[in-house]
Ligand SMILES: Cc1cc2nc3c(=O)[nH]c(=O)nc-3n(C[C@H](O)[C@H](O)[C@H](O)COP(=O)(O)O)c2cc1C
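Just one chain follows, in the form predicted alone, and it is written as structure tokens.
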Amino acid sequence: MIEITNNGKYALTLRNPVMIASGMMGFDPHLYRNLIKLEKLGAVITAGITYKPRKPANGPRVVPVTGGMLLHTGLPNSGINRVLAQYQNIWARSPIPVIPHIVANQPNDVARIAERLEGLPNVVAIELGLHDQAQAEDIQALIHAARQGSQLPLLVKLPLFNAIHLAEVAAEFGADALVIAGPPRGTERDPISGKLVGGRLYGTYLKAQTLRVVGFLAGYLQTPIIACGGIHSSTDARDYLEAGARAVQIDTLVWVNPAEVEVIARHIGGEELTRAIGALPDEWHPGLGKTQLMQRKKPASSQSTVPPPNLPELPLDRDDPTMPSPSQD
């Protein structure tokens, strides 16, 4: 088992540090059971949940960008009551733990959603997604609201470009782990309609930016960090762990190459894949051949706060004018 959060009242442990990021499997992970061996993963984070129903966005939803895509959904969902009526039993039967993602808008709504999630079978934590304009007072109110409604471990997902400034605040107000980070916003022209479309950006190119932030924060925060952004290979995931992350979340790779998701989960989870003797390259795939469990050394409790020695860029240079000092307000 892997300690995703620190030991304490709100502790979360999973059998694998590889999770599926919010929205990538919707509300029902069973839909991917023929593509990925779900039991190899640590957990799945659901699509965003609001208190009242929310309609999908109008216009183009997916726009290609260099190295990735822009996704504009509007976070549609049927509201907490209907979501639970439809998926509560499905979550209970899931082969992996489920972590509902709460869209953090109003504190009262967050508290009511968290209260409905408390005590549900196989629901092991809550992920609170902060909006891009969140300020310190908003974070305090939203985390307090989540705590009012539930005793579940609380993961707080920060927007990428404000993560440096918001991480210490979220940790101070009680986040059990920080997810770095929510995908940044962007605008691109849709090649079909010709219209400019705004939305969230996904792609392999985000890894370099996110890795830098993860390494910086892991260098001085005591709160565990879960990395999310641009993971498309086992090497990508290992880079995040080496930079100080406690776990990782995989996003659009689930759609691009779901078989690789299982490879990452096996490798990072301590399983080494080997090709069966005599199998041709085009005949081999994850699960064909032997799976050997490797011994994993349990990390020391202080490991996440020690700057990784073989990544000279991490943590960031304190003289870097683009990044604040941890001592700054």
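Numbers for residues come from their place in the sequence shown, where the first is 1. Just so it is clear, the structure is predicted and the values come from calculations on it, not from any experiment.
Another form exists, predicted together with this ligand; not displayed. Remarks below refer to it.
Work out which of Ile126, Leu142, Cys228, Ala167 lies within 4.5 Å of this ligand in the model of the complex, going by heavy atoms.
When this ligand is considered in the model of the complex, the option within 4.5 Å is Cys228.
May I ask whether Thr5, Ala43 and Ala177 each come within 4.5 Å of this ligand in the model of the complex, counting any non-hydrogen atom?
No.
Is Tyr202 one of the residues lying within 4.5 Å of this ligand in the model of the complex, judged by heavy atom distances?
Although this ligand is absent here, Tyr202 would touch it in the model of the complex, with heavy atoms inside 4.5 Å.
Can you tell me if Ala47 lies within 4.5 angstroms of this ligand in the model of the complex, counting non-hydrogen atoms only?
Yes, Ala47 sits close enough to this ligand in the model of the complex that at least one of its heavy atoms falls within 4.5 Å.
Could you confirm whether Gly23 comes within 4.5 Å of this ligand in the model of the complex, counting heavy atoms only?
Gly23 belongs to the contact set for this ligand.
Given that this ligand is not shown alongside this chain, does Ser234 nevertheless sit within 4.5 Å of it in the model of the complex, heavy atom to heavy atom?
Heavy-atom contact with this ligand at 4.5 Å: absent for Ser234.
Which one, 90-98, 145-153, 67-75, 114-122, holds residues whose non-hydrogen atoms are within 4.5 Å of this ligand in the model of the complex?
The contacting stretch is 67-75.
Check each residue of 203-224 against this ligand in the model of the complex and list those with a heavy atom within 4.5 Å, in sequence order.
Residue within 4.5 Å: Leu206, and no other.
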